[in-house]
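There is one chain below, alone, in structure tokens, taken in the form predicted on its own.
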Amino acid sequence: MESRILISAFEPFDGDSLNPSWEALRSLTPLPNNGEILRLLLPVSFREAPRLLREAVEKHKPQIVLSLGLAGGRSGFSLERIAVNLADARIPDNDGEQPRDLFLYPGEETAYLSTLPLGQLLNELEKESLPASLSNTAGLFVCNAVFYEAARLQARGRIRQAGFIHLPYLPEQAAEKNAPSMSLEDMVRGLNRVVERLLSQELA
């Protein structure tokens, strides 16, 4: 059976006109004879994003879910270790909702760890001379909510692996924000290596 990876990314938010996660995802090159990539654009919505991810998993039945998001202020790929069962939004989401100190799923697991081979993925990015690090916080905004949803699906046996990678600003965004950035070309190059590694383990 062909290996299948579902990769999600987000629409723009907080006044930005683009989101690096979606720009990078839609620019990924096809990987011939190495599995199938399914792309999913998610709204920056606590209510809708987890639901749409869950529906996509039920419909397409991927083996792996990799979610991407923006972490403005970081300088490279952030491979997230932990999804927590909490929402505490610094700003409203795109629906105008701003949950503060609320459980995503009351009574369920406090946190889940990524089930991606993070050390191996970090090595792949370092081979490309790209800035990358392991991160112990995916924040408490919609990115974390989607990561928690994917990890929750993995814990229930719906997928084999789930994880999240944060990306920095693109240069055109960072210029006005005085923040670190990464070129779209480098984002795509790194994500291609990550996806190749994840799919190759499925085909091994």
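Nothing here was measured: the structure is a model prediction, and the numbers come from that model. Residue numbers run from 1 along the displayed sequence.
Below: the form predicted together with a small molecule, not depicted.
Not displayed here, the small molecule is kept clear of Ile159 by more than 4.5 Å at the level of heavy atoms in the predicted complex. Although the partner is absent here, Gly163 sits far enough away that none of its heavy atoms falls within 4.5 Å of the small molecule in the predicted complex. Taking the partner from the other structure, the small molecule in the predicted complex has no heavy atom within 4.5 Å of any heavy atom of Pro62. The closest heavy atom approach of Ala150 to the small molecule in the predicted complex falls outside 4.5 Å. Here the chain stands alone, but in the predicted complex its contact with the small molecule, taken as any heavy atom within 4.5 Å, falls in 68 to 76 among 125 to 133, 68 to 76, 81 to 89, 97 to 105.
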